[in-house]
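Presented as structure tokens, the chain that follows is alone, the form predicted alone.
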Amino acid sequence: MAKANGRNPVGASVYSKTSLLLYDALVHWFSNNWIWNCQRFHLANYYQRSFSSEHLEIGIGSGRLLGHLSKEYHFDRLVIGDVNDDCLAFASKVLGKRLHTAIRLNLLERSSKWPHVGRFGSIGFNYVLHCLPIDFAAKLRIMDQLIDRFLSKEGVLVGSTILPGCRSAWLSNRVMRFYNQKGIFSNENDSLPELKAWIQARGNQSEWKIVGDVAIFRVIA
């Protein structure tokens, strides 16, 4: 299940047409509540204060979480980006007519190869960083590139990531270690101090908090 398919990194390849049917129950209910100890309303609080009329969501999963968090929000332009074609197809059906465009976006490619889709008032980047198989400094540079490439002036990047060492919970540490061994996660060397320093360097309006094993943040361009 965790093998790369030739187009996607391992962390993205686990999401197939079949597994996406169970994605929300496994990731956003069971894992968030019982393993990472970060209930969905914490993400909702940050997301719902960040949406703009033109929104780009990167790392879409099944699309149901975005649909739920934004159900009372009207988008003039909603674009989703992911490296996994199954995720894009599944989420496109979930979001339906609300969706403007779905783009294939490989964050591990040079940013010059990323699609040209203009700029957005908000970018969602939920549960992506801990899946990228690169060092943490490179992950932070990707977020800088996302802001430079896609975010409008005074726009907001809102995101979250699962980090090691946030708490000493036996179950979450065991699961995180297992996911890293399988290549589903690549976050063993991700660093909360480095993430905090990056967020603080973006300006005084940026904010973050730790809930369980999850760092949630908002960064103002």
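In this text, residue numbers run from 1 along the sequence as written. Since the structure is predicted, the reported quantities are computational estimates derived from the model, not experimental observations.
Although not depicted, the form predicted in complex with a small molecule is the subject of the following passage.
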Q: Name the residue from Leu95, Leu132, Ile80, Leu151 that puts a heavy atom within 4.5 Å of the small molecule in the model of the complex.
A: Leu132
Q: Check each of Leu195, Leu163, Leu65, Leu157 and return the one that places a heavy atom within 4.5 angstroms of the small molecule in the model of the complex.
A: Leu65
Q. Any of the heavy atoms of His28 lying within 4.5 Å of the small molecule in the model of the complex?
A. yes
Q | Exercise: Leu108 in contact with the small molecule in the model of the complex, heavy atom 4.5 Å | A | yes
**Q.** Non-hydrogen atom contact Trp208 with the small molecule in the model of the complex at 4.5 angstroms
**A.** no
Q. Do Ser122 and the small molecule come within 4.5 Å of each other in the model of the complex, heavy atoms counted?
A. no
Q) Exactly one stretch in 168 to 176, 57 to 65, 34 to 42, 186 to 194 has heavy atoms within 4.5 Å of the small molecule in the model of the complex; which is it? A) 57 to 65
